[in-house]
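The chain that follows stands alone, in the form predicted on its own, written as structure tokens.
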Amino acid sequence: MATLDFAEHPHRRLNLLTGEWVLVSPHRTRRPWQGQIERLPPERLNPYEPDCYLCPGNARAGGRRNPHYTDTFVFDNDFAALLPETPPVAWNDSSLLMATGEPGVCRVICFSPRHDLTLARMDLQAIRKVVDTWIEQFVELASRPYINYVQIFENRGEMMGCSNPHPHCQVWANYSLPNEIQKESRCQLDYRDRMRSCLLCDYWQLEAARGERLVVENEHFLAVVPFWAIWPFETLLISRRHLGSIEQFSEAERDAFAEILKRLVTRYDNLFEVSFPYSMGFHQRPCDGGPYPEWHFHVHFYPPLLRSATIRKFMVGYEMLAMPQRDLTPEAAAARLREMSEQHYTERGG
């Protein structure tokens, strides 16, 4: 009887959160690389930059000036993609051309007044302050009657479209549910209806028991390279307790979230000894007043680097036109990340 070897045979894996498939081609890791090579310059940043529009006391667009903040700092994005005054009206031409107005709010959260830091290099007390700020922003924005979803995300590094290295993230609060949230809502609800259980509660327990895709864990959270991962070193950070959104964290969970974030992103930096680029985003329940018992809080990390700090994985060709595809198996990626030290490479002696 034929058996499937995940390390050798091309195969598809089902993403339980979206219902979509990813093609895995492990044998392709042996091919010579002739694609684009990104040269990442070493980051030599100063604690303060006079021309940085996120540093304390500096001017932003339109003459606004930042306060001399000492921990986190939140402001409405000067070039917001969403505007609160937009009317949520529908437009329809012959049921072929359709559009709707999309009101919302876009904010920026500076993690630290220090221009030269990242989450990986901040201390736990400072990261805990960031966690508290994330929760405050979620609660405040979710309470607005025209806001139905709050997306917190960080783009780290120029490769991921980040225009400023100052440590910061963004919060976009939407009138409508984004596409990925709609897909994850359907799949989590379908699983709950079929299995009378929570999809991610069952999934994290399976991954914790198997261990082969587990990267790091503590009492309240664990991070795995998901079985269906698309990005080379993609990880999924999941709360052990079933909770729908970040404002439900206990004090102990706030501390544990800060700790596991630092441990995970430190491993990323140590992987290729660079300030590792990624897009990170929280996925949590909609905030339109519904109960959403199927929703389980989790965080996606999507890093583009493939084999070294100079080789990037693009989503092109077959991936854009047919389905996502990856060569490095999730098991191999998890093993690489587990091997990494939790002491940041810039802090090593010698």
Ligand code: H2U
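The first residue of the shown sequence is 1; numbering continues from there. Only a predicted model underlies this, so the values are computations on that prediction, with no experimental measurement involved.
This protein has a second form, the form predicted in complex with the ligand, left out of what is shown; the following refers to that one.
*Indicate whether R267 is a 4.5 Å heavy atom neighbour of the ligand in the model of the complex.*
It does not: once the ligand is placed as it appears in the model of the complex, R267 has no heavy atom within 4.5 Å of it.
*Hey, in the model of the complex, is G211 touching the ligand, heavy atoms inside 4.5 Å?*
G211: no contact with the ligand in the model of the complex.
*Though only this chain appears here, would Y53 touch the ligand in the model of the complex if you measure heavy atom gaps against 4.5 Å?*
Heavy-atom contact with the ligand at 4.5 Å: present for Y53.
*Using 4.5 Å between non-hydrogen atoms, is P87 touching the ligand in the model of the complex?*
P87: no, not in contact with the ligand in the model of the complex.
*Sole residue of D193, E219, D78, D93 within 4.5 Å of the ligand in the model of the complex, by heavy atom*: It is D78 that has a heavy atom within 4.5 Å of the partner.
*Among the candidates L117, L189, V131, C162, the residue which, in the model of the complex, approaches the ligand to within 4.5 Å (heavy atoms)*: Going through each option in turn, the one that passes is C162.
_Please pick out the stretch from 58 to 66, 294 to 302, 277 to 285, 314 to 322 that is in contact with the ligand in the model of the complex, where contact means heavy atoms within 4.5 Å._
It is the stretch 58 to 66.
*In sequence order, which positions of 88 to 127 have a non-hydrogen atom within 4.5 Å of the ligand in the model of the complex?*
If the 4.5 Å heavy-atom criterion is applied to the ligand in the model of the complex, 88 to 127 yields only V108.
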